[in-house]
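Shown below, as structure tokens, is a lone chain in the form predicted alone; questions about how it binds or moves come after it.
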């Protein structure tokens, strides 16, 4: 099986990608900045758990070209980037990964750090998310211009990112005083569990059908509105929540007033609403493929199933 190198493998998405690679039996390596281990005990423990499962850890970062080229040559027939979204510069740093890939000459598939909306259909996104979208677009264009074999993954909203806040919803938690609903019943979004997304990425990197394609992950059972999500929570908790429907204009105002990263998250909610139809449109076969058709055997974690796994009271 291909050797997989994950860059950014200790982050929220990266952890799932590394675990998915190990679960599939790939020789797996994580590229880690030395400061990560010394400054974050949780990440250090996670790396130790990976080593216990047979993963390799190499130290370096995107700014050390020689070190990065050597890591790719030794460990990366497949290179997966899971760099963070804290600022556009982090995403733009992937251009250095592309330079190292060209120099190494050994990579048969590269997966850039996207795992969200289709950035080529998000022209009305507001700042600060707009700058992140532009960075992802620059990386996409550079990949294609360089002729680097790749697979781009659009998996829309990560369930863990959106729903984990519900785990502490009693007392003074987020559901104690009601809930804000963005859009209406017609404003639908797609939700995908990070574990499902990661296992699909690992399958895709060995699949010739996804070569130089955008892979869209759109399980039909997980396409729903934020209002429907609230209905699910009410059904699970047996509570009737006070609702406040938030208009597009209200969201735009909240984005201007909120600090980072809340303003980024709200900007992505806004983008989801104003581009609601884009996530369900037909896929151009020259550009993309649909994961649910490629891998019909996958049993996706559903929204209700994920809520059942949370301790909501």
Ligand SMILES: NC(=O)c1ccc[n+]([C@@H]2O[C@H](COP(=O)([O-])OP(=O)(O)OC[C@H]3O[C@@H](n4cnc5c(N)ncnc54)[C@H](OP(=O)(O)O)[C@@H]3O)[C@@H](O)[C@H]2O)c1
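Small disclaimer: the values here were computed from a predicted structure and weren't measured. Residue numbers count along the first chain shown, from 1.
Another form exists, predicted together with the ligand; not displayed. Remarks below refer to it.
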query	finding
Single option in 75, 218, 85, 130 placed near the ligand in the predicted bound form, where near means a heavy atom within 4.5 Å	85
Listed residue (100, 200, 152, 91) with a non-hydrogen atom within 4.5 angstroms of the ligand in the predicted bound form	91
Region of this chain that lies against the ligand in the predicted bound form, out of 139-147, 210-218, 233-241, 154-162 [heavy atom, 4.5 Å]	154-162
Interface membership of residue 43, the ligand in the predicted bound form, 4.5 Å heavy atom rule	yes
Residue contact check: residue 292 to the ligand in the predicted bound form, 4.5 Å heavy atom	no
Contact test in the predicted bound form: residue 253 vs the ligand, heavy atoms, 4.5 Å	no
4.5 Å heavy atom contact, residue 62 to the ligand in the predicted bound form	yes
Contacts with the ligand in the predicted bound form, stretch 1-35 (heavy atom within 4.5 Å)	7, 8, 9, 10, 11, 12, 13, 14, 31, 33
